[in-house]
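Before any questions on how it binds or moves, here is one chain, the form predicted on its own, in structure tokens.
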């Protein structure tokens, strides 16, 4: 089964609003074996809406549309679709009463524009929206379905919870299975070259492979019918065994969650001393629920004097070698280990950019150290020119460096 998603809204096209709806819908539909053929964002005008539908209909089984169902004059989706499918708007008294109760219970005035939201297509299947006032509409034409939903994300999700079971009941869908392996610190091209034999075997077994790179991390997703779920797991385990230092998890696991599990299993604690990352590692760690059980805190030692006063970096070594050096970053880690009273401490110091680099230490130069009560390890990384990417790279490389240390791989 193939599906197109159309998002309506000028605010999306100008970047004022990020289209999170399509990503969420794609993930949810994918779980039940429905493939997304195309995602399109269009403006709030009738020509764009009609052209998008006509472009999609010949190539898909279902079209999902979000946006343009509000009570204001610029919300035209309901009227355009009703005219396009030669339908007519009629009052749904029960829905009108529900909308009125919605406003009364919130101690808000019930206006005529709100009442008009109960005017809905007569022939379409109406999907009531308990989380808002804009109902969903399911049109049928030429054996294809066109489903219109509000653009407010939590309202759309509420309607999708009703729609997906109906789709599964209405259509004969051949479910498929996919799983993802997560790796850190290996370039996509190098990884692809080193698993060529596995890719050849996947092709013979009719399992598709997709490389999904992001800053510092690469995901490999394998997809096939559900009957090949065990075979997919076997292939992913082969990749994991081939890259023990880079592989850190499967599916939706995160580096920070994996580290948290390792710390809890060993009854160990963690702290961070950050310079160039400015607390980004701390933020990433505490994004995991339950992190308070093992994470004790962070010291953001950005300036020279802060490094000296807060984590006891030696004045002479700091000024002789510079803040971005092996000597200083190791002292930061050891100082944090003592000040925060933890079992492990990550420290970072680097030149995030866009300026501040030298011939010896260009922009993107980052030193990372990990201290435990037994030893200190450190490593220099050379990232690129972009400040945001340099900070993100430092976060993920630091976390995996800690994972490797705890796993005895470094």
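Positions refer to the first chain, counted from 1. Throughout, rigid core stands for the largest set of C-alpha atoms superposing within 1.5 Å between the two forms. Because the structure is a prediction, the values reported are computed rather than measured.
Not on display, but discussed next: the form predicted together with another copy of the chain.
A.B. asks: Please state whether every one of the three residues 17, 30 and 305 places a non-hydrogen atom within 4.5 angstroms of another copy of the chain in the predicted bound form.
C.D. replies: Per the other structure, all of 17, 30 and 305 touch another copy of the chain.
A.B. asks: Given the stretches 39-47, 343-351, 60-68, 364-372, which is the single one in contact with another copy of the chain in the predicted bound form, using a heavy atom cutoff of 4.5 Å?
C.D. replies: That would be 39-47.
A.B. asks: Could you work out which of 82, 184, 327, 114 is the residue within 4.5 angstroms of another copy of the chain in the predicted bound form, going by heavy atoms?
C.D. replies: For this set of options, the contacting one is 114.
A.B. asks: Only one of 300, 323, 217, 257 has a non-hydrogen atom within 4.5 angstroms of another copy of the chain in the predicted bound form; which is it?
C.D. replies: Going through each option in turn, the one that passes is 300.
A.B. asks: So in the predicted bound form, does any heavy atom of residue 148 sit within 4.5 Å of another copy of the chain?
C.D. replies: So residue 148 does not count as contacting another copy of the chain.
A.B. asks: Any of the heavy atoms of residue 247 lying within 4.5 Å of another copy of the chain in the predicted bound form?
C.D. replies: Residue 247: no contact with another copy of the chain in the predicted bound form.
A.B. asks: Although the partner isn't part of this model, could you tell me whether residue 55 comes within 4.5 Å of another copy of the chain in the predicted bound form, counting any heavy atom of the residue?
C.D. replies: Output for residue 55 is yes: heavy atoms within 4.5 Å of another copy of the chain.
A.B. asks: Does any heavy atom of residue 233 come within 4.5 Å of a heavy atom of another copy of the chain in the predicted bound form?
C.D. replies: Contact check for residue 233: no, nothing within 4.5 Å of another copy of the chain in the predicted bound form.
A.B. asks: Since the partner is left out here, which residues of 254-285 would have a heavy atom within 4.5 Å of another copy of the chain in the predicted bound form?
C.D. replies: 277, 278, 279, 280, 282, 283 sit within 4.5 Å of the partner.
A.B. asks: With both forms fit on the core, has residue 204 moved 2 Å or more by CA between the shown form and the other one?
C.D. replies: For residue 204, whose C-alpha is compared between the shown form and the other one after core superposition, the shift is less than 2 Å.
A.B. asks: Under a superposition restricted to the rigid core, does residue 252 display a Cα displacement of 2 angstroms or more between the shown form and the other one?
C.D. replies: No, because once the rigid core is superposed, the C-alpha of residue 252 moves less than 2 Å between the shown form and the other one.
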